[in-house]
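Read the single chain below, which is given as structure tokens and is the form predicted on its own.
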Amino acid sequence: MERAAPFSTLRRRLRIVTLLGALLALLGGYTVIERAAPAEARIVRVAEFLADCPYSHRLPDDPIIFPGLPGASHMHSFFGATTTNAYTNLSDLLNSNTTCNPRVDVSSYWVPTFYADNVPVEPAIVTFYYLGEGVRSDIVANTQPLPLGLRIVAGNARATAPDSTTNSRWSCLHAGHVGASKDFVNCPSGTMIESYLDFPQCWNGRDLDSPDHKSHMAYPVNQACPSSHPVAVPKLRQVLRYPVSGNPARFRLASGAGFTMHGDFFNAWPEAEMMRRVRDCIRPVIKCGADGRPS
């Protein structure tokens, strides 16, 4: 016949259960703290936001260099705003559809068309990074938004050889051992040739364009904006990845050799969206995604 446990034994068991419960509660609290900690660690200290803008269309137009003159330019590949042509103005962009993520970016970006064996090839991956780099940290902390309607041209379409004006570079995606060059490089099979181009980030604070389309902007000198161009804005970095590799003798741009790579940018970001990204990503040095939030 089974007997009930003595009262003293029951008390001991109750104390053990109580202690185990307290221990589990402590462990549970500890687990919550450990899980919460990585949220702060997810903030990456890089001053950056971006727009992914796939290819839209091709035209022999350039609304910055040859406004109102359709067909006056070499062939360009356009990204972002889907309606850009020789006649495009800011109002047109603000009312345009876009290929960009985020959809609020209705800016227009364009480059000379890339050819392989004389057949046009469009980039498979197109990313425009907006960065706070190349200047001192105190200048980054005071970065100003890119003004609505600003036009910027980078690179030298008329270059006859690699020089200080040909600031684009070519390399191979996932094949860093190849190295970078101002002209096309020979990328291994299975990789993609890629182009990087940094735009000037110092603005004169007055003009949205200039007669030569460059004088209103400048590059930093000794990590500071020159006195003639005192306003630091986010640096635009254009990254294009083309789904071709191999012998670079097969490649050309509509403007010529690889060192003639250049880029045009016509800013049509909504002012509030640009301001938010500068305030929340560039100035505090936080890496943000296309939505302008920490990524």
Partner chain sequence: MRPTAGIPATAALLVVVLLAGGCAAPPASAPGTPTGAPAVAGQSATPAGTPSASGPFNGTDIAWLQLTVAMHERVLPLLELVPERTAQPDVRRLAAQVRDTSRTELDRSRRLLDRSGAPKTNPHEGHDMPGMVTAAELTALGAAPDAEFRRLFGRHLRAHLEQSVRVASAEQRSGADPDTTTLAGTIARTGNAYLAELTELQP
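Numbering follows the first chain given and starts at 1. These numbers were taken from a predicted model, which means no experiment stands behind them.
Beyond what is shown, the protein has a form predicted together with its partner chain; the following relates to that form.
- Judged against its partner chain in the model of the complex with a 4.5 angstroms heavy atom cut-off, the residues Val135, Val278 and Val285 are out of contact without exception.
- In the model of the complex, at least one heavy atom of Phe66 sits within 4.5 Å of a heavy atom of its partner chain.
- For the chain shown alone, Tyr87 is a contact residue for its partner chain in the model of the complex, at least one non-hydrogen atom being within 4.5 angstroms.
- Contact between Asp212 and its partner chain in the model of the complex is found at the 4.5 Å heavy atom cutoff.
- Remark: Asp163 does not count among the residues lining its partner chain in the model of the complex, judged by a heavy atom distance of 4.5 Å or less.
- Listed residues Asn204, Asn142, Gln223, Asn97 were compared with its partner chain in the model of the complex; Asn204 is the one with a heavy atom within 4.5 Å.
- Just one listed stretch, out of 171-179, 100-108, 184-192, 71-79, contacts its partner chain in the model of the complex at the 4.5 Å heavy atom level, and that stretch is 71-79.
- Annotation for 144-159: interface residues with its partner chain in the model of the complex are Arg151, Ala157, Arg158 [heavy atom within 4.5 Å].
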